[in-house]
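Next up is one chain by itself, shown in structure tokens, the form predicted alone.
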Amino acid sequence: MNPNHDHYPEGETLRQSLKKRYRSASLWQAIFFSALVIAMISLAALLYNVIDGAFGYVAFEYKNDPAEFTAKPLDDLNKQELLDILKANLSSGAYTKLDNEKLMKKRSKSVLYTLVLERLIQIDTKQNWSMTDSILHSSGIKTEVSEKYPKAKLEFRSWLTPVFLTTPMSSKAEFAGVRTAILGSLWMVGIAILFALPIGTGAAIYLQEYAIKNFLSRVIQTNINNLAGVPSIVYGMLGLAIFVRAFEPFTSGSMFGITDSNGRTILSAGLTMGVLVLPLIIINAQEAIKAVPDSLRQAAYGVGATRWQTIWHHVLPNALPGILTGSILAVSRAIGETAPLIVVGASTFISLDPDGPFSKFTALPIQIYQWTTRAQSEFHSIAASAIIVLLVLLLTLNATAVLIRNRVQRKY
């Protein structure tokens, strides 16, 4: 035996060894802290870039003088006065169409105000600026507008408004909203979770509690793990082949008497997203079930419980918080996917709200993608606002799932 290793270091050797170890520990701590700082800066830069586009100065002109329709300033008009202006100046066909979509008398003042601007006065946006430019170069922007657009009005605008949330899609950015896209996303996520959560949990229970650990079960497990990393566009092609075409009588609603639709419905999109998140739910549910101590199972068997009774009364209640965590991750992925929806046939322009699983649809990621491809800068501003809406919707759904998970966790 080497005598140099028969005893612990002492004296100066010990001090040098400790100094080296602490130096190494400090270095790794700095590296890990740097990674955290880089991650936080990246997220902050992303959020700032989105917010920067959703606010800022806008220079615009009215194509028609508001004085032609009312002697009072537009902002001072009440709901009934706005309604009277629309009734007096719109053609009977246009007014009837709007009334059939939703009774004009039941529309809010802000919606009627937007209709007056869109249908009668008609806004012509000349140029818009980001929030950063609007704050740092305010005087320069005002000078530029006065020289280039002497008749234009300049105002600092938030593109993210209550009207933006309650208005359907429009061909003009100034009047476009995300109501239809929000409803489409909620329908899609709801169908995906209703389809994937029970099937994924059932598959996880079988693989973890019933399946014999042999070659076949290992092959199945390996494929489930691989499917979790398959590109989403592949699931879109699967949805197109299976749900849109092969199952068209079901997904179009024709077998239920619906004749004005095809397989490219919100049901097809929801089922496609359900298949996409299914491996993720299975893997997370398996890990949650695996985390339940075997001693709990053995205690249940010891008092005469069957395997199913043990699973239902002891394993699942303790694994449920982990299973719900998997559903949170599934919702996060499903609500942000774009490629499968494009393949399945989501509409890039639709102004009708989905009223059932057999409706045509759009979703927030599709709407954002469509607006960002437009050349006009105002569409980029409303795309930034839609991104904020998508983030808030995602956080709201996740927070709801977390609250349910915590409540279940406290119960058991």
Partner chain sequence: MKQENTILENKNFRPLDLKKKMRPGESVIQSLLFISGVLSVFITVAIVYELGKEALLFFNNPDVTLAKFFGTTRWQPGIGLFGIWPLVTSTLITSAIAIFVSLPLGLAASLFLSEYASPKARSALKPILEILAGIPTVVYGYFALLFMTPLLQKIFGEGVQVYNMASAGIVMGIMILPLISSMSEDALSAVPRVLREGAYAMGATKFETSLQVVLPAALSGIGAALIIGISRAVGETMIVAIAAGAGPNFTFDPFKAAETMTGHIARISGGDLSYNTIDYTSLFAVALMLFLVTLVLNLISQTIINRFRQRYE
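Residue numbers count along the first chain shown, from 1. Whichever C-alpha set is largest while still superposing within 1.5 Å between the two forms counts as the rigid core. From a predicted model like this one, the values you see are computed outputs, not experimental measurements.
One more form of this protein should be noted, the form predicted together with the partner chain, which is absent from this view; the next part is about it.
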(request) State the residue from 136, 216, 88, 291 whose non-hydrogen atoms include one within 4.5 Å of the partner chain in the model of the complex. (result) 216
(request) For the three residues 38, 202 and 372, verify that every one has a non-hydrogen atom within 4.5 Å of the partner chain in the model of the complex; reply yes or no. (result) yes
(message) My question is simply whether residue 24 lines the interface with the partner chain in the model of the complex - judged by any non-hydrogen atom within 4.5 Å.
(response) yes
(message) Is residue 190 part of the interface with the partner chain in the model of the complex - any heavy atom within 4.5 Å?
(response) no
(message) residue 107 versus the partner chain, in the model of the complex: is there a non-hydrogen atom within 4.5 Å?
(response) no
(message) Please determine whether residue 206 contacts the partner chain in the model of the complex, using a 4.5 Å cut-off between heavy atoms.
(response) yes
(message) Partner absent here, but in the model of the complex, which of 145-153, 172-180, 219-227, 78-86 has residues with a heavy atom within 4.5 Å of the partner chain?
(response) 219-227
(request) Could you run down 377-405 and flag each residue that has a heavy atom within 4.5 Å of the partner chain in the model of the complex? (result) 380, 383, 384, 387, 390, 391, 394
(request) Determine, after fitting the two forms on their core, whether residue 30 shows a C-alpha shift of 2 Å or more between the shown form and the other one. (result) yes
(message) For residue 67, does the CA position differ by 2 Å or more between the shown form and the other one when the superposition is done on the rigid core?
(response) no
(message) So, superposing on the core, is the move of residue 402 at the CA at least 2 angstroms between the shown form and the other one?
(response) yes
